[in-house]
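One chain comes next, on its own, written as structure tokens: the form predicted alone.
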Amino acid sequence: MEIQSVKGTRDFYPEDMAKRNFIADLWKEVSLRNGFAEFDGPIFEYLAMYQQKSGEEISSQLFAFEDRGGRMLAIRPEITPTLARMVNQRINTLPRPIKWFSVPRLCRAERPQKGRLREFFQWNIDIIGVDDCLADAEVIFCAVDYLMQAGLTSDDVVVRISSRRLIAALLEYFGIEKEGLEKVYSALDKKSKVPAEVFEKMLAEAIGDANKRQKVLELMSVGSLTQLESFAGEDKNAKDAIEELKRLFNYLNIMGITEFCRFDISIVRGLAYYTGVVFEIYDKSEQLRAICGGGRYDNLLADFGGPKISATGMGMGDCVLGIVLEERGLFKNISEKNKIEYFVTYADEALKSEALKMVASLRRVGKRTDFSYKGGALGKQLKQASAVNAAMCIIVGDEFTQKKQIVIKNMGSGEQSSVDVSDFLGRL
């Protein structure tokens, strides 16, 4: 019986693992240089923790199981609840602001499709304890910093920014009851993801009053912050939210990433816990799901039994990101970066021990080095060096016996030269 991998998961062969490491190593590098400290938690938690955040229906969207003690557990579908739990446990000892990042493996029980799998890796960064939208600007900057470092430009990706605080204020100003806001958010979040007639039907189910529904449709067509002011009237909450967005865009301008960013009222984010600035990053072809999404969630720690503390963050999965990087040809230099630097060969079996000493010496000074286990004819060893795409080949042969020299061959150009072993190792 041939056993296949589980649908919605991936096998990482070496060439795939190199791409995964390219993505994750850069996530860590960018996080650290932006002042974030790494954390992690268990791969499974109590199911009740996710139900507390997202309701009973979340159980069908994740992998839940009963352990031998009769406790209901779940493999983590996201890391934010774990973050909230961990911060709450040490809330009185952690220095603020708390700037943490994580690169967890996550699992969600959903239908696999392009850019969406059951198992994936996700970069999360969070800032806890800063009220000002400068923290939101830093989260957005950090995400853009990564994308630029990976080789993407403003011609490739766009950050679409909105505000749940603003949308909530305007919806209430239009006369929509607070109790019905979540249904409206859910419909608005689908606006760019479903056909127009489907969206209008969903909106009609969420907002029965035709006049109110028309106001919402007009709101969703707004293209700039200045246009919004006519919708806000004299409503203080809405006007304050507009001013906050203006400050945010000013920060982004100061940080030099305005070309990546634009206001988009249709960005709502489906999760209920968002309370302020929200954003999503898309590739400009708009053929894929969001590369990244996040926003402010000022109530989450309190929802998990802690104090009410401001927080903002984002998550970037590896699936859509990997597709975008592949399509832009940005993985092409990975094999060059990871290639074997030196392949050590020997012309005679009697020199095998000297070749192994050379291998060990090179590895100890940090050089990626390999050799042939079988040995044999020098020509076969050179072919193996070529097969593993080694940059240089070291030949331990007659020169070593006679003069303590080795031959170094450039596998790209074919040029070779003899050098003293002591001089070569000394330079390394």
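Here the structure is a predicted model, which is why all the values come from computation and not from measurement. Heads up: residue numbers just count along the shown sequence, starting at 1. Superpose the two forms; the largest set of C-alphas matching within 1.5 Å is the rigid core.
The form predicted in complex with the RNA is left out here; the points below concern that form.
Residue stretch of 65-73, 398-406, 360-368, 33-41 approaching the RNA in the predicted complex, non-hydrogen atom distance within 4.5 Å: Result for this chain: 398-406.
Does any heavy atom of R427 come within 4.5 Å of a heavy atom of the RNA in the predicted complex? No.
Heavy atoms within 4.5 Å of the RNA in the predicted complex: does S285 have any? Although the RNA is absent here, S285 would stay clear of it in the predicted complex, with no heavy atoms inside 4.5 Å.
Tell me, yes or no, whether L378 is in contact with the RNA in the predicted complex, where a contact means a heavy atom of each within 4.5 Å. Residue-level check for L378: yes, a contact with the RNA.
Can you tell me if F231 lies within 4.5 angstroms of the RNA in the predicted complex, counting non-hydrogen atoms only? No - in the predicted complex, heavy atoms of F231 and the RNA never come within 4.5 Å of each other.
Though the partner is not shown here, which residues of 124-149 have a heavy atom within 4.5 Å of the RNA in the predicted complex? Result: empty, none.
Core aligned, does the CA of K183 move at least 2 Å between this form and the one not shown? After core superposition, the displacement of the K183 C-alpha between this form and the one not shown reaches the 2 Å mark, so yes.
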